[in-house]
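The chain below stands alone, shown as structure tokens; this is the form predicted on its own.
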């Protein structure tokens, strides 16, 4: 059917406009872009496309005009595809990274501080010494119109305008005509390929690397720790700002232009980058479990848990369902990994095999390791309370198993029965059980008691020094621990001083065997000589022993003085005259009372160098089959920021390491 005469003229005019911009035959058309020119020229071209499309709606398949119009439409669609690509490429400048981060910070929920750096400490490059503002110094003067920070905030989502309104309007006008003519697939492909390159560039600016799961699992843990910290911050920006803004741009251009066209374009653009982003967390979630990984895994879990509502919002379309599922599954695997690591940590503490006694009976590296570890666990209390839902499997006193301690939590009256709290108590029970085994490697029973006193006292002080840990451990079990280190102190006193004080008894000094005024001078001399020899030995030996806690050291010295000095003063007062009346009294009365008081002040100072003891000779294995020298674990005031023990196996709170 022929169109009316006037319509035929309009159609012919429209075809001429289309052919004039056919880049396959016109040099001028190849060198110029329609949408870079005058608005009237743009409108003429779009009107020409509409006119041809309208005429084809009325034409029959056999109509010559239909064939001619089809050819013109093909030329027009090829041209519009080029124009579409050109406009997109003209606005592909990556978003200024400080704009991305500022948007994310102002939009974020109140996140847990655990695992996050201060805002000015996040590094977008590989070198953690640069901050975002340093990396992009001077970038604020950029004239790129595509990075104008205009925001639309929805809870934690912070969308920014990726293109100026006029560019969006032009893209939408082109997309509308391409989709109407049946060129949806071509339109989506062009859009996706160009915008994906922009997302990739923004990823690079945020420090998100293209690493496969295999690549991540090959990295050393120390390297991964830095990357995890960087990834957490980058993931928040990517989901809440970058992906959300890309979604909004798709809606602005494609909404209502066909069924779910905007969703298709969004998926085409960000699905690959999103998978790349989450693959990193997935690699961590399925990596080999070891104690030092727990806290970064918890950081990742917290970050992803916080992001899940935003992931659901940004990737709400059916075509993006796989991204939502991946994020949820990774979060679940991270939770399971955390539970598994805690269980493996308990077993590692129980089985830690070092047998070489630490010099001087001081605090064992394992004790510092474990107590610093569970102190950090208490910092993650809110997360772990949600993840740890079952009580620990403990030994039974009726089982007869000598390789596992027994524990009945029902004995802890008034103690919280929350599974996490019970796990922490169980770890301390296991630690004591292991330490008790290590104490048996000391040949001197006194030193074994001192070793247990030092270590259990350290456990008590670490609990008292952490309000969160003390709350979970509870006063009932804390009192039990206090009783244990005092019991060890009493055991030390008995093992050391009973035999020394035995020299100061009256029995056997009187010739009749009773308590008459007569004294056997030979027996008395032997008593003084025995006392001198024993005290000399104790003094020489125990000056090399170490009680690192100043208050505990002073308390034990006072206790020794109260035990020994009065007994010696009394013995000396009663029998001094019998010795002085004989020959060479100085050979038998070696110490005055004041001398003993002064000598006691040397006890437990750890005078190892003076006495020829090599403090570096005792190496023990930390929980990762790596050696850790005991002298590298010096205590200082606890700080919130975590340091690391010398083996880099687990975070510790003692800063002087």
Partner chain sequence: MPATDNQGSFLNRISIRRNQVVSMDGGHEQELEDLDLFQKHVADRFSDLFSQPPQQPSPDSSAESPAPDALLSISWLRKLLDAFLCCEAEFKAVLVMGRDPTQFSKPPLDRLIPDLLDRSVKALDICNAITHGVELVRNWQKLAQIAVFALQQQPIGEGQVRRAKKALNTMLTSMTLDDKESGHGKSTERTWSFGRRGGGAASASVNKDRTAGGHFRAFSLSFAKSWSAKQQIQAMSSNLVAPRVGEPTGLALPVYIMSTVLVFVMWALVAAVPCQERTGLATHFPVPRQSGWAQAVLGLQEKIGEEWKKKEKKGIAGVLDEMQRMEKAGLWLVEFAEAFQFPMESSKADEVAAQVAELADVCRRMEEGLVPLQLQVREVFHRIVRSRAEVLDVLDQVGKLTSPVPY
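Values in this document were obtained by computation on a predicted structure and should not be read as measured data. The term rigid core refers to the maximal set of C-alpha atoms that superpose within 1.5 Å between the two forms. Residue numbers count along the first chain shown, from 1.
The same protein has a further form, the form predicted in complex with its partner chain, not shown here; the description that follows concerns it.
This chain is displayed without its partner chain, yet in the model of the complex the stretch 176 to 184 from 176 to 184, 560 to 568, 579 to 587, 424 to 432 comes within 4.5 Å of it by heavy atoms.
The closest non-hydrogen atom of residue 268 lies within 4.5 Å of its partner chain in the model of the complex.
Not displayed here, its partner chain is kept clear of residue 441 by more than 4.5 Å at the level of heavy atoms in the model of the complex.
In the model of the complex, residue 389 approaches its partner chain with a heavy atom inside 4.5 Å.
Although the partner is absent here, residue 329 sits close enough that one of its heavy atoms falls within 4.5 Å of its partner chain in the model of the complex. Taking 501, 286, 418, 445 one by one, only a single residue has any non-hydrogen atom within 4.5 Å of its partner chain in the model of the complex, and it is 286. Site annotation in the model of the complex: the residue of 282, 549, 526, 468 reaching within 4.5 Å of its partner chain with a heavy atom is 282. With respect to its partner chain in the model of the complex, the three residues 487, 494 and 536 uniformly fall beyond 4.5 angstroms at the level of their nearest heavy atom. Contacts to its partner chain in the model of the complex (heavy atom within 4.5 Å) from stretch 71 to 96: 74, 75, 78, 81, 82, 85, 86, 89, 92. Once both forms are fitted on their rigid core, the CA atom of residue 359 lies less than 2 Å apart between this form and the one not shown. Core-aligned CA deviation for residue 595 between this form and the one not shown: less than 2 Å.
Core-superposed comparison between this form and the one not shown: the CA of residue 385 stays below a 2 Å shift.
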